[in-house]
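This document opens with one chain alone, in structure tokens, the form predicted alone.
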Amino acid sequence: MKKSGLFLIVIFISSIAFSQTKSSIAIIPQPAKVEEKQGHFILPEHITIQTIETTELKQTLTDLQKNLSIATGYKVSVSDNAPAATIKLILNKKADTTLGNEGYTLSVTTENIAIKANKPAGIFYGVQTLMQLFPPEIEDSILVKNAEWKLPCVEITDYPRFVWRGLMLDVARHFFTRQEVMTYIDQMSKYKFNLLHMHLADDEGWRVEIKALPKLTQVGAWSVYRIGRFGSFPPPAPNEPRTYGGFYTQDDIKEIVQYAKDRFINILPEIDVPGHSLAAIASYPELSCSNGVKNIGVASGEEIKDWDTHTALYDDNLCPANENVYDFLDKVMTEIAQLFPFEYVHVGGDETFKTFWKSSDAVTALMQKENLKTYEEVQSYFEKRLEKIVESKGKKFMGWDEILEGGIGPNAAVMSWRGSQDGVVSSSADANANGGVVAAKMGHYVVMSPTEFVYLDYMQSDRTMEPLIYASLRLNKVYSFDPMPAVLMPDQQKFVLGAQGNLWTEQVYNLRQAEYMTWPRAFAIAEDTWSQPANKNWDDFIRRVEAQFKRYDVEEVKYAPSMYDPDFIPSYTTDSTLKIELTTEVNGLDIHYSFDNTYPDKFYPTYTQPLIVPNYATQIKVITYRDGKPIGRMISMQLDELKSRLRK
């Protein structure tokens, strides 16, 4: 009996050790199948990579060599014939139908590592997973001494759920340099995103060189420098220098496109028309219905629209009744199509306030001539003409879901940003309930990008901690996103290409803030679009996010720790005393608080139930701890702020 008991204890301890080892695997996005084996692979000091000769993998090999050699100091060589290679990259001679074009298998044994795929893209994604199996120190840019470079033995089979896995970077509101865009691409590629949507033109700037229209960048790329809260600035004085901004030359674009292609990322260009066009109109005033009279130049963060009444304060719309506009767009799309090899061109179409169209004699005449009953139909007329222009350049046409409202063009694809993801809708009249559902039911291809789940410009924590914007989006909300609307029938689901997160940059002035707003919420989007829904688990996701934080600490990528910040939920008791409920989206945290204006630590009271605010208190300070150590940020919340939220 004693021997049996001892045997069971040994088995129990072994199983605990194995489960702890298993928890060290922290891959994002979660693979389709992970089977951990006993043992570890120890990286040798002389590493040989056996590969296949293909130009598509040239950059993958270069990056892999660099990533394996810098932090380790080890020698890495590449050969197309090395039977005893450390790492083998193998293209299947007979396609594995399970893997498709982007899937892979990754095998780590005590002897070597093998990545197999049908296509080079799969090899690339397998390499990204492999790098996440290494300790975080592999991300260092200098030699790491006394590190143990070992990986858990594992068998992984992986493939994506959707073909469109994107992020949008708004480079129009604030310009990001070519190198900054490439850095963003590097970060995306590690998490198997395959599309970068570049928002290249808006009221605040035109960012791509069009040689046939030089004023677009001579004039349209430059605004007056303002710092503070975007949207609240006064209009620039006539003599203020317009030196803030920048643009990409065509050589810049070619370099960015190739850089992305080498990392299996497509670039989707967006030229946002007919609204959001102040930069174009500042360059060529005759493009607006008001002939530039109601144009203030390239916007510099001043208020240009009344969002309560949907009224344009300045004319930022191209004029649909002006034939010169279509000639202008033909020139733009000619060069855009030549610069960007991706099959789609995004033309915007959102938030086109018709204020100045309604007072235009030319638009009235157009409506009479074309028998257009509404101004939504006027926009539809514009979009359908633009669709023909885009298609004449060999490209496919895509726009925001407003292009549905007056009647969508025959081949247009829709990027859906408005409305509930699971709302039941059935016609274009219900487009703003969910344009993606409407479009898919009509047989149009769709990319899901709903504000309530994937708008990365939204605040991540309490608004006292974030640059103020009109909405909040917590990490757990992003992680709950399913790009496939439940209301779609199986024959309609094929039109959902996938999804993407959008980083609008009104309040994002630099790359560090762009990183902060993107990560970790884009980790959730990566998993929403790549991983199988059955494999998603919130608590395990948080464990893996924290593992990525360690990698980012080494790599010096900025990220938001907002998931550790509590939410404040105020209410009044029956006797009108303020009560505060505190909640956290990460489980297992202790919240310590104070009402006496001092800074709490773990020796202060621990939150266990809603707090009744003491008389005469003016603020509450809170901080979260885990296992006796601070993990969240110190938050000072004014009680008047909570009371104001109740009044609203």
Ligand code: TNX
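One-based numbering along the sequence shown. Everything quoted here is computed from the prediction, not taken from an experiment.
Another form exists, predicted together with the named molecule; not displayed. Remarks below refer to it.
*Asks:* Judged by heavy atoms and a 4.5 Å cut-off, are W417, Y458 and Y470 together in contact with the named molecule in the model of the complex?
*Replies:* The answer is yes; W417, Y458 and Y470 each reach the named molecule.
*Asks:* Given that the partner is absent here, does R165 sit within 4.5 Å of the named molecule in the model of the complex, heavy atoms only?
*Replies:* Heavy-atom contact with the named molecule at 4.5 Å: absent for R165.
*Asks:* Report whether the minimum heavy atom distance between R544 and the named molecule in the model of the complex is within 4.5 Å.
*Replies:* R544: no contact with the named molecule in the model of the complex.
*Asks:* Any chance Y259 has a heavy atom within 4.5 Å of the named molecule in the model of the complex?
*Replies:* Heavy-atom contact with the named molecule at 4.5 Å: absent for Y259.
*Asks:* Please run the contact check for E351 against the named molecule in the model of the complex: heavy atoms, 4.5 angstroms, yes or no?
*Replies:* Output for E351 is yes: heavy atoms within 4.5 Å of the named molecule.
*Asks:* So which of F568, Y552, Y326, W504 reaches within 4.5 angstroms of the named molecule in the model of the complex, heavy atom to heavy atom?
*Replies:* Of F568, Y552, Y326, W504, the residue with a heavy atom within 4.5 Å of the named molecule in the model of the complex is W504.
*Asks:* Since exactly one of F453, W400, Y184, F523 fits, which has a heavy atom within 4.5 Å of the named molecule in the model of the complex?
*Replies:* Only one listed residue qualifies here, and that residue is W400.
*Asks:* Based on heavy atom distances of at most 4.5 Å to the named molecule in the model of the complex, which listed stretch, 504-512, 573-581, 359-367, 235-243, is the contact stretch?
*Replies:* This holds for exactly one stretch, 504-512.
*Asks:* Out of 272-288, which residues reach within 4.5 Å of the named molecule in the model of the complex, heavy atoms considered?
*Replies:* Sequence-ordered list has one entry, H276.
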